[in-house]
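For reference, the chain that follows is the form predicted alone, supplied as structure tokens.
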């Protein structure tokens, strides 16, 4: 398919690693010149998973950025989901595992990025099998976890307690599986799962989701899976989702069951622009925009979106425009993160044991 050419210089730096990278996240900087990243590694030779805090030097003596490890934490199982709360100087990390546990970590960025485990939920019954996805509320007060076992848990972390308190919000007993989750407000969050379905939850209304989007619109491809959800803080009525078969769509809760398809099969006889033919592993609203005032964009128009995919595409999609390809790798791009303080910087993990840092100017 056709891609738009970038009008701005794009610098790409690839940094080889010695281990597989499951996830990567920027951490909020403690000063304008400092950049730290949290990286979830898996060493296949020793079967050892870990999370490292690395200092990213954007202006080394060499021509490309360098990563300097600051601290490391060994996980009891491979990391299935990694999220961070944007707080300083001790940002919190939520790390979920394939063995069904959840770990809250804190990193002191002022004192060399020292990382410590603050609390853990690992008891029997939390999740049966892997934790598919977690999301931390801003400030790190609460974390929501979901799994393919159909369980939705709300985890609370208070003070210096070494234990996390959790309560089961919902349990489908395996009839419905959840694969993605995202906070929308202090009381609301969205989940995604099989069949391109999305559920909207409100803690003030217990008993189940208060609103559901049934994914029976995609030309019969209801076996598709939602892998990632994002919700823009200024557009909380819209859920962005990426999933199977290159599908990227938005669900406006004001428009009932009509999706806004950005890439993929769509609802009509003719397919929409197909950016990728494989799994879209992650979607995020791209805060790096040419527009000077994002508030002038119509509330019915979807804000620019960045995606990464199994077939090695990192691109920006803007409704009604040709996709803007940033990377086309010969391997999967498993995860990425946009620097919230400086959205021109993007970090992503490549399946062939490498990190890539992109700088848009």
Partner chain sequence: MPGVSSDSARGALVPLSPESPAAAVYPLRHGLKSPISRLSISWSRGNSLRVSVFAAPSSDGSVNDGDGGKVVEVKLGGGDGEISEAHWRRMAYGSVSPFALLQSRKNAVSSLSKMSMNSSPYDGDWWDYIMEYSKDINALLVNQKSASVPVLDDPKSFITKGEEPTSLKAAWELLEMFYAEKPSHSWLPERLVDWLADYDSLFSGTHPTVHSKLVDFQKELVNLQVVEDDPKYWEVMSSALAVGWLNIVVKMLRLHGSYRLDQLSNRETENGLVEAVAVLISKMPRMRLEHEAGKLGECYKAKPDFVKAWEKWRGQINKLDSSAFWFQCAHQQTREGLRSMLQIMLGNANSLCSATYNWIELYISHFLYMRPLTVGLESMYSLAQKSIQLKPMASAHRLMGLIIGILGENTEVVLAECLKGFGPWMVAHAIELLTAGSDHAEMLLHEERQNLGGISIEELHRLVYAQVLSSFPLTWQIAPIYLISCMKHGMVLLQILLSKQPVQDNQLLLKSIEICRLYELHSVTSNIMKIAGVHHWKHGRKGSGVFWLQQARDEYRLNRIALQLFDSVGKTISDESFKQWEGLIQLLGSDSKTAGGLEFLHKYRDFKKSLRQIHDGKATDSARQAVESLISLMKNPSTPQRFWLPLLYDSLKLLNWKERPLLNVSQTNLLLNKLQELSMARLRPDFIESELPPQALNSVRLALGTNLGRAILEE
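Numbering follows the first chain given and starts at 1. This one's a predicted model, so the numbers in the text were calculated from it and none came from an experiment.
Beyond what is shown, the protein has a form predicted in complex with its partner chain; the following relates to that form.
Contact annotation: its partner chain lies within 4.5 Å of heavy atoms from the stretch 329-337 in the predicted bound form, the single such stretch among 50-58, 329-337, 315-323, 32-40.
Taking the partner from elsewhere, no residue among 117, 166 and 259 has a non-hydrogen atom within 4.5 angstroms of its partner chain in the predicted bound form.
Think of it this way: in the predicted bound form, its partner chain has a heavy atom of just one of 103, 151, 83, 227 within 4.5 Å, and the residue is 227. Among heavy atoms of residue 202, none comes within 4.5 Å of its partner chain in the predicted bound form. Taking the partner from elsewhere, residue 234 is found to have every heavy atom lying beyond 4.5 Å of its partner chain in the predicted bound form. Its partner chain is not drawn, but in the predicted bound form it has a heavy atom within 4.5 Å of residue 176. Not displayed here, its partner chain is approached by residue 278 to within 4.5 Å at the level of heavy atoms in the predicted bound form. Residues are counted as partner-facing when one of their heavy atoms sits within 4.5 Å of its partner chain in the predicted bound form; in 345-361 these are 351, 352, 353, in sequence order.
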